[in-house]
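Consider the single chain below, provided in structure tokens and representing the form predicted on its own.
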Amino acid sequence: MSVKIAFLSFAHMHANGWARQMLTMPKGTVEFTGIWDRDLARAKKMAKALGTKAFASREALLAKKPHGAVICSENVNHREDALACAQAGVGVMCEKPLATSVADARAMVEACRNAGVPLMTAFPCRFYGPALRLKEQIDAGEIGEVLGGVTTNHGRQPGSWFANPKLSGGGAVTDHTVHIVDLLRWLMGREFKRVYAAVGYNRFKLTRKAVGKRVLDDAGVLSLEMDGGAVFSLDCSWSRPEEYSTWGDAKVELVGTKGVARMDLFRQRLLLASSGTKRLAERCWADEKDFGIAGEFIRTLREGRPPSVSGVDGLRATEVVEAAYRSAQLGEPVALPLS
């Protein structure tokens, strides 16, 4: 069966990656139903590039009855787009963060559950080789009971709508907390119960350049406590300057009763020295199992089963983000789950 896929927006740069992954799948696996975007010109441009059709309205595209829709709109629009898919009976793969508030994330989970359609959060880190191998080591007890660890998800201020909190919902804490939070929940098989955070605003040059007079968080350090007592730190800052050789990192160092494990998710890379740009750049080719998150979405739709990365996973990560901002404002730890 060819799985019919619609794209709701190419506002997020990851949409290009998900589309490319689907195009590389065996012939007949995926069929693009079309693209809708709040920016019609962008929809037309991407439709031409992907050999499909641009639609002037979301409802007109969903009326074509695709099996699933990939939502890569601005963060603040995720809820509206997901609820439209649920109403149309269309499965959803939503770019992270799932939503800009816990209330919106819950509404998305409930709407898709009530409609009987899958809701998947785009957390691709689970599908990279290093993460899968670390998961195997933890499950096999090779490092013993995990007592805690140090993690980072550094990046560069992306610009565009990411610099507008009315569209993004927040800055670095919104953008770069969720990947590591999801990885740790998946690796440990436990939930977070307390968050303590320090958040900085307009600390870095790229942020100040992008936001102008607006104020946006671009630095964040979180202390995270899990059920069972394991404690982790996370630096989720947009601290990489424009001159840096790569966009950032995703690193996890775990301390257990039997040993220590270190993972650099994007360590598979090459250095490129360009005479044209006069700069040193890094190119990553980190392997993803079975076409990564896009492949999992297609298999979910084809097999009629729940996704391995669910909307609830996205909700739990959103809870940590909201708790982090609340903690920074109050200057004290915030307990989870949020009421």
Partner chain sequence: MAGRNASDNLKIGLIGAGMIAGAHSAAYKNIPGVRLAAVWDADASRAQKIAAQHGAKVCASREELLGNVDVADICLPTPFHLENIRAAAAAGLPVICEKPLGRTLADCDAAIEACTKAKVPLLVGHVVRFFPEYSALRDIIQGGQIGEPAVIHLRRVVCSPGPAGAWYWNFEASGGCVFDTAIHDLDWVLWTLGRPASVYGLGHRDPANTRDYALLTLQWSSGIIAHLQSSWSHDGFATSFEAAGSEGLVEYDMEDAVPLKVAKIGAGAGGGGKVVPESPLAKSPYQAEIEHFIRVIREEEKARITPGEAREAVELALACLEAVADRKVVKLGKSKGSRPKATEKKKVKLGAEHPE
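Residue numbers count along the first chain shown, from 1. Nothing here was measured: the structure is a model prediction, and the numbers come from that model.
The form predicted in complex with the partner chain is left out here; the points below concern that form.
Of the candidate stretches 126-134, 251-259, 109-117, 74-82, only 251-259 has residues whose heavy atoms lie within 4.5 Å of the partner chain in the predicted complex.
Contact with the partner chain in the predicted complex, defined as a heavy atom within 4.5 Å, is made by none of Pro158, Trp247 and Arg305.
Proximity to the partner chain in the predicted complex, defined as a heavy atom within 4.5 Å, holds among Val178, Met93, Val199, Leu184 only for Val199. The listed set Leu315, Ala328, Met22, Ala15 contains one residue whose heavy atoms approach the partner chain in the predicted complex to within 4.5 Å, identified as Ala328. Interface membership of Val221, defined by any non-hydrogen atom within 4.5 Å of the partner chain in the predicted complex, is confirmed. Interface residue remark: Phe266 is not counted as part of the site for the partner chain in the predicted complex, having no heavy atom within 4.5 Å. Ala103 falls outside the set of residues with a heavy atom inside 4.5 Å of the partner chain in the predicted complex. A residue is said to contact a partner when one of its heavy atoms sits within 4.5 Å of a partner heavy atom; Thr174 fails this definition for the partner chain in the predicted complex, lying far away.
In the predicted complex, the residues of 222-240 lying within 4.5 Å of the partner chain by at least one heavy atom are, in order, Ser223, Leu224, Glu225, Gly229, Val231, Phe232, Ser233, Asp235, Ser237, Ser239, Arg240.
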